[in-house]
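Just the one chain here, the form predicted alone, laid out as structure tokens.
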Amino acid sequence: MLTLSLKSLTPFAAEVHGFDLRAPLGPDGVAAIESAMDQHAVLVFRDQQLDQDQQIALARALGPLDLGLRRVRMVQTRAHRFRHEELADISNVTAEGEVAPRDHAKIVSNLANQLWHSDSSFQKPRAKYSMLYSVVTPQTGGDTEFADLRMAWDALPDWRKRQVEPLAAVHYALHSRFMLGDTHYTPEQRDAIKPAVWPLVQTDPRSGRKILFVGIHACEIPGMSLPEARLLLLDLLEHATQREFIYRHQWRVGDLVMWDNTATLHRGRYFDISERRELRRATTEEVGLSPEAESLAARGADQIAHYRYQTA
């Protein structure tokens, strides 16, 4: 059975040595990566030379592909720079190959990525593995931070665990955009992706570890007043992103970082947006749900059937 050569970076992040992601994974390769992801949740592959086709092939070997907001053209109505629609353009570069000006719509995406989030938590199925590949790095800044939501749960005091374990949260796609003042969406765009409801506390179906599933897309708690819910969600997010739960990745060209969106949060860090920064991301959809999420899904979508985003 294939095993990866790993060097621990933090309790939940590891660097993989001697593994060429251009080669087809095969069942043993898939199993080795999944096993390492169950243990660490963030894997760093240095010095890779992946073209777009190879990155897509890697992602497809690990599961069905996620399109996120692109599947309904909610945000990215611009021309796509890549051959594969499933590749997300995480850059400040226009379709014409130029650095986007500060008033360009694409810059909002760069800024929103600096908020703590889990990819596609606002939809079902949500994202499972994200694979972000570095093509161009700015001279300074532009790091990516990851926070372990399993460690966050473990560190909660018992009284808080009892409080949040029965609760769920509504995750809405445009909540973070509205926070940044990006409100110029039509009613059709606002309703294009219905919100998703996820339990605040989940058990990973593979590792058995409990997860505190929060993030910037979480905006309401069914059955709780809006002010109380948002304060609680902010408190939980602050707890989950303490320094001791974080790995900070400093990008080099050729890095591919893979992470588990159901067990971690991530955010980009500041860089001068007049400098070119290019990454591309492939993401898989979650296949197996936690027992808590399965139970919530079985109860139906009554909690969000008539949902409208609340601003007050």
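The numbering used is simple: start at 1 and walk along the sequence shown. Source: prediction; values computed, not measured.
Keep in mind that the form predicted in complex with N-oxalylglycine is not shown, yet the notes after this line are about it.
None of 110-118, 238-246, 186-194, 157-165 except one has non-hydrogen atoms within 4.5 angstroms of N-oxalylglycine in the model of the complex; the exception is 110-118. Site residues Ile90, Leu132 and Asp143 are all in contact with N-oxalylglycine in the model of the complex, judged by any heavy atom within 4.5 Å.
In the model of the complex, none of the heavy atoms of Arg276 sits within 4.5 Å of a heavy atom of N-oxalylglycine. Contact check for Gly68: no non-hydrogen atom falls within 4.5 Å of N-oxalylglycine in the model of the complex.
Taking non-hydrogen atoms only, His266 approaches N-oxalylglycine to within 4.5 angstroms in the model of the complex.
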